[in-house]
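Let's start with one chain on its own, the form predicted on its own, as C-alpha cells.
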Amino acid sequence: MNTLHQSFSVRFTYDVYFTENLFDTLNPALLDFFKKHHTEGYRKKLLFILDQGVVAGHPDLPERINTYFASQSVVDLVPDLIVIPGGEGAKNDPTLVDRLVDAVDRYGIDRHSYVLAVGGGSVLDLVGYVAAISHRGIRHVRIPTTVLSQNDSGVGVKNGINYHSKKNFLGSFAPPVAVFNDSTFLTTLDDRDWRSGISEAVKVALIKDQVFFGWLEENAGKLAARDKAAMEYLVHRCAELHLNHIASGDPFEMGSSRPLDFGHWSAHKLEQLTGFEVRHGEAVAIGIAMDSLYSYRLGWLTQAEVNRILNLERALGFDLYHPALEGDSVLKGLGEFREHLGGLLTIMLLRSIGTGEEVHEMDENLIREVITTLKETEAQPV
C-alpha cells in the first residue's frame, strides 16, 4: 500500500479596534486599515450590509458612510448599502442568504474585496456565513453594534445561521480580517440589549478570571444604570479574554471541548422553546444560573459562591427563570448540544469562581431539581 501524507498550517491574524464615531470623517481608523491593506494599481470594493435596527437608531448612518468614503481614492464603495432585518430572525430566514450572495455576485465582490457588516450578532453571523461561502471566502469586516457582539460573538471566528430551528446548524469557521468596536452604537440600545450582552462577560469571568468577576460585582450598579465607561471596560476585558482563549486552544473546535459555551446548552434550547422571544444573553443568564446551581449540587461550589453568582445576575437585572423550563423539553437541549459537538457530550461546570471543569454527562433528575429551585427562589437568594 502506498500512502501520501500531507500536513500544513494556515496562520490567521486580525485586529480588534476600539473607537468612537467610526464614520466621523475626523476618525481615520477605518480608512487607515484599508490604506494599510491597499494593493497598488487595484481598487478593492466595499459592500456594506446594515442592520435595520441600527439604521432605525442611527437614521443618518447610510449618509455618514457615503460621506466618509467620498473623498478618498483607496477603495470603491458599492453604491447600494443593503439594509436587512436584524435579530434572530435574520438567522432564521434562508431568503436573506440568497439575497446577500446575489449582491456579492451582482457587484463583483471578489476575494480581495470586502463585505462589511454593521449590526448585532445575528447580522454578523449571517453576513460572515455569506462571506465565507461566496467565492470560498471573501474578506469580512465586522462592525458590531451590541454589547453581546462587541464583547463576544463579533470578535470570534464563528459564523452561521439556524436550520430547522436548530441554533447555528449551518455555518463556518472563518475569521474576520478586522473588527471595529464603536462604543457610540451602544448608547442607543434598549435596556434589554444593553443588559443581554453582560451575561457573556459573567460567563467568561466565571470560567476564566476571578478578578474580573469581582470587578463585575463591584460595578453591577453602574452597569445596570448604563454607565458608558464601565461598559467600555467590560467590553474590552471580555473581548480580550475571548481572543486569548481562541489563540490558546482549539479555535476551529475540532474537538468536543467548548469552555466558552458555559451555560449555553440550555440557553440555546430555551431560545428555541420561546420562539426566540427570550434573547440570547437573557437565555445565557438563565443557563449560567442553572449550571452554577448544578455545580453547587455536585458539591463543587460553596453556598457563598453560588449566592454571589445568582445575586450578581439579579443585580444586573436578569430574570433567572422562565416558564418554558417547565416539563422536560429543555432537557432535549442536552442531546442537541451533544450532536452539535460531534457525538461526545462536553459540558463546562464550575469548580470555583474563575475555574471551570468539563464533564461528559449530566444527571437529568438533578437538572430538574435545579429548575425547581430556580422557580421557587426566583428573585430570592438561594
Ligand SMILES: NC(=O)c1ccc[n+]([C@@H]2O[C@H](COP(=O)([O-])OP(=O)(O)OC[C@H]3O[C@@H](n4cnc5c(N)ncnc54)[C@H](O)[C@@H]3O)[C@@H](O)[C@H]2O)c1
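In this text the structure is predicted, and so the values were computed from the model without any measurement. Sequential numbering from 1, following the sequence displayed.
Here the subject shifts to the form predicted together with the named molecule, a form of this protein not shown in this document.
Choose one stretch from 129-137, 304-312, 209-217, 79-87: the one whose residues place a heavy atom within 4.5 angstroms of the named molecule in the model of the complex. Going through the listed ranges, the match is 79-87.
request  = Give a yes or no on whether each residue among 122, 153 and 193 has a heavy atom within 4.5 Å of the named molecule in the model of the complex.
outcome  = Per the other structure, all of 122, 153 and 193 touch the named molecule.
### Message
Is residue 189 near the named molecule? Define near as a heavy atom within 4.5 Å, in the model of the complex.
### Response
Yes, residue 189 is a contact residue.
query: Might residue 54 be said to contact the named molecule in the model of the complex, defining contact as any heavy atom within 4.5 Å?
result: Judged by the heavy-atom cut-off of 4.5 Å, residue 54 is in contact with the named molecule in the model of the complex.
Considering non-hydrogen atoms and a 4.5 Å limit, does the named molecule approach residue 180 in the model of the complex? So residue 180 does not count as contacting the named molecule.
- prompt: Quick one: does residue 274 come within 4.5 Å of the named molecule in the model of the complex, counting heavy atoms only?
  reply: Heavy-atom contact with the named molecule at 4.5 Å: absent for residue 274.
Heavy atom within 4.5 Å of the named molecule in the model of the complex - the one residue of 165, 168, 72, 244 that qualifies = The residue in contact is 168.
task = Taking the named molecule as it sits in the model of the complex, which residues of 89-104 have a non-hydrogen atom within 4.5 Å of it? Please list them.
result = Counting only heavy atoms within 4.5 Å of the named molecule in the model of the complex, the single contacting residue of 89-104 is 91.
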